[in-house]
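Take a look at this single chain in structure tokens; it is the form predicted alone.
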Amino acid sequence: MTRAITIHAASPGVSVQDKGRPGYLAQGLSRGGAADLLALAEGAALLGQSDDLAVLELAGGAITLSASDDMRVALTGADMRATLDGAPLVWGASHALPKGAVLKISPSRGGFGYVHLGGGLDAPVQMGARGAHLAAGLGQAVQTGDTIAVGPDTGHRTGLCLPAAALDTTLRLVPSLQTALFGDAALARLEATPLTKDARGNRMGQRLVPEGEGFATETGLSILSETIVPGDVQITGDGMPYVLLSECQTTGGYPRIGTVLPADLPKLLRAGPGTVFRARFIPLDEAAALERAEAKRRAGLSRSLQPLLRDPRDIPDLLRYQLVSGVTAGNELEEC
């Protein structure tokens, strides 16, 4: 019998995703795939499997599911509320998913969350990928009542987590082909202006709301349409910046004031609406070095894994914990 998960409830914004379909820009198809590629790597490290496997992406959505067999699950990306048969689960960690147990996930503050199954989702392959590209009509959103096959799982470990990183709200940008059209004063103002993540956002792009006036430029509105990529920051006619994401169009006529580094996109994707960001331009050579360092860090995530429940004998600074209260001690020793 095929291993599978059954979807008991799914809100809009839930889809099967993987790394997407690179190589089709000339045919008018953007990469698509998971918006947060770091989350794919984190889930793969937690389960000890390839980050090429398909997962569930929750773009601000909620889901309730159960498994046909005993399985393993990992939860990554934007922090969400997760329960297993009513008991809370730690986010950013791997857990056992017993046969028939009900896993329920709902957003705590928005953002993109991911549910990884040991063995990956065995969704149909279309144009070399399993992920849905909703804008292009490839695949469809996950619906209540769906049954999704799960591949064979060769791993067995659960109860692992990755250290939680503090949210860095600086978005580093490199200049685009149209950056100079905005002028030095507008670029300096962009770096000095708080940018608030708006509730309006999807897999195509995320709107940022600047404090004060926007960054409209009459010169930029007359440019020819040309190739665009995820991370590009387009300025619409009303001066609002939009950061393009994985399912963005392949060409566009709105001027781009800059491009967010791929390494910084997860910050934006995991933050809730209302989070305030700052933009900072950096030279291209510095950006390339940062991307190489991030790729190396991402490839070595498995070395950062920690057990959810730590043996006190393995904690070198045990005496700094409050061990008098069993509740306090237990909570602190479980933190990742």
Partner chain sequence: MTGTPQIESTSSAGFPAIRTVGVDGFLVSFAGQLDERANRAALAFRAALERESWPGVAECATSLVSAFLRFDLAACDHDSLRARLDTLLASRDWYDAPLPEGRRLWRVPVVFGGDHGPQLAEAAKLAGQSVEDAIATLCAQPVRVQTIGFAPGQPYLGQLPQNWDIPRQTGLTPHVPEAALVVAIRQLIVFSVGTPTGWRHIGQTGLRLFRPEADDPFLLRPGDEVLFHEAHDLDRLRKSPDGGAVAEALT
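Residue numbers count along the first chain shown, from 1. Small disclaimer: the values here were computed from a predicted structure and weren't measured.
Below: the form predicted together with the partner chain, not depicted.
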Using a 4.5 Å heavy atom cut-off, indicate which stretch of 92 to 100, 105 to 113, 235 to 243, 76 to 84 touches the partner chain in the predicted complex.
235 to 243
Triple contact flag Ala9, Ala45 and Leu208 to the partner chain in the predicted complex, non-hydrogen atom at 4.5 angstroms
no
Have a look at Leu160, Val174, Leu181, Leu171 for me and say which one sits with a heavy atom within 4.5 Å of the partner chain in the predicted complex.
Val174
Tell me, which of Ile148, Ala164, Val229, Leu167 has a heavy atom within 4.5 angstroms of the partner chain in the predicted complex?
Val229
Contact with the partner chain in the predicted complex for Arg31, defined as at least one heavy atom pair within 4.5 Å: yes or no?
yes
Answer for Leu301 alone: is it within 4.5 Å of the partner chain in the predicted complex, judged on heavy atom distances?
no
Classify Thr193 as contacting or not contacting the partner chain in the predicted complex by the rule of any non-hydrogen atom within 4.5 angstroms, answering yes or no.
no
4.5 Å heavy atom contact, Ala288 to the partner chain in the predicted complex
yes
Looking in the predicted complex, the residues of 35 to 58 with a heavy atom no more than 4.5 Å from the partner chain, listed in order, are none
